[in-house]
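First, one chain by itself in structure tokens, the form predicted alone.
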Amino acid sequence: MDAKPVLAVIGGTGKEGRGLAYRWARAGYPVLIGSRSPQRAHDAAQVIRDRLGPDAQVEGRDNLQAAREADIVVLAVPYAAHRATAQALREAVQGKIVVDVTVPLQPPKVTKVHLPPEGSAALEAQAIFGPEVQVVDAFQNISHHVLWSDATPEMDVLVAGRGKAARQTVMRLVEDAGFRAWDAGPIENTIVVEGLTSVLLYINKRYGGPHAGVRIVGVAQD
């Protein structure tokens, strides 16, 4: 059996990042939780090990060290920290896939779509990292409550980004996290994928739901 790639979850001490780290560690991936504070990263890793057992392959690192050691880097930071974090990690992620989970929300008006100058967080990251990095969006439309639970979710993940092979790699990560993955096309489509998050947040607010999601119907997967 091929060894699973090492995943670095930058922003893994946040709710979304912690949920992703939990699901991948549960699936047997080696996971490095990155944080600006190494102690917070170690503490978050310990919470996951306490839940999964001592054999779980999850450790804490500072952001830069986690990115350097990983095969695939996951960017799961608030949008306010997105640009600065990407700039700090630029050299460490060269030649790698970066899975960008960030949504360009503008609190407190999170139910209104906000588009950054580049068009999306993923396009912003791609511009910073340069052509040797393949940025792929995923998990924008999944609540952290769902990620941290043990339930099998009835919702899909749209995967859009640079390069079909990179999208296929990220789709495997999505499936191993327990979700159905769909190839949503090139990186330009991340504008729509990220914008859907504000729509779902509005639906939650309007109809009192805890975590509205996306489900693709009317077409069979390959």
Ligand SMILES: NC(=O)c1ccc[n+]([C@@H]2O[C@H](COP(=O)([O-])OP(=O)(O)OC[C@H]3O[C@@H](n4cnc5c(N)ncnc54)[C@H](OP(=O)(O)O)[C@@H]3O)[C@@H](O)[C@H]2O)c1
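We number the residues from 1 along the sequence you see. Note that the structure is a prediction, hence the values are computed from the model and not measured.
Keep in mind the form predicted together with the named molecule is missing from the figure; the text below concerns it.
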> in the predicted bound form, which of the listed residues (V133, I142, L123, I72) lies with a heavy atom within 4.5 Å of the named molecule?
Replying inline: I142
> Given that the named molecule is left out here, which of H42, R68, R36, R49 has a heavy atom within 4.5 Å of it in the predicted bound form?
Replying inline: R36
> V77 near the named molecule in the predicted bound form, any heavy atom under 4.5 Å?
Replying inline: yes
> With the cut-off set at 4.5 Å between non-hydrogen atoms, does V101 touch the named molecule in the predicted bound form?
Replying inline: yes
> A92: heavy atom within 4.5 Å of the named molecule in the predicted bound form?
Replying inline: no
>> Taking any heavy atom pair closer than or equal to 4.5 Å as contact, tell me whether A127 reaches the named molecule in the predicted bound form.
In response: no
> Can you name the residues of 11-35 that have a non-hydrogen atom within 4.5 angstroms of the named molecule in the predicted bound form?
Replying inline: G11, T13, G14, K15, E16, G17, S35
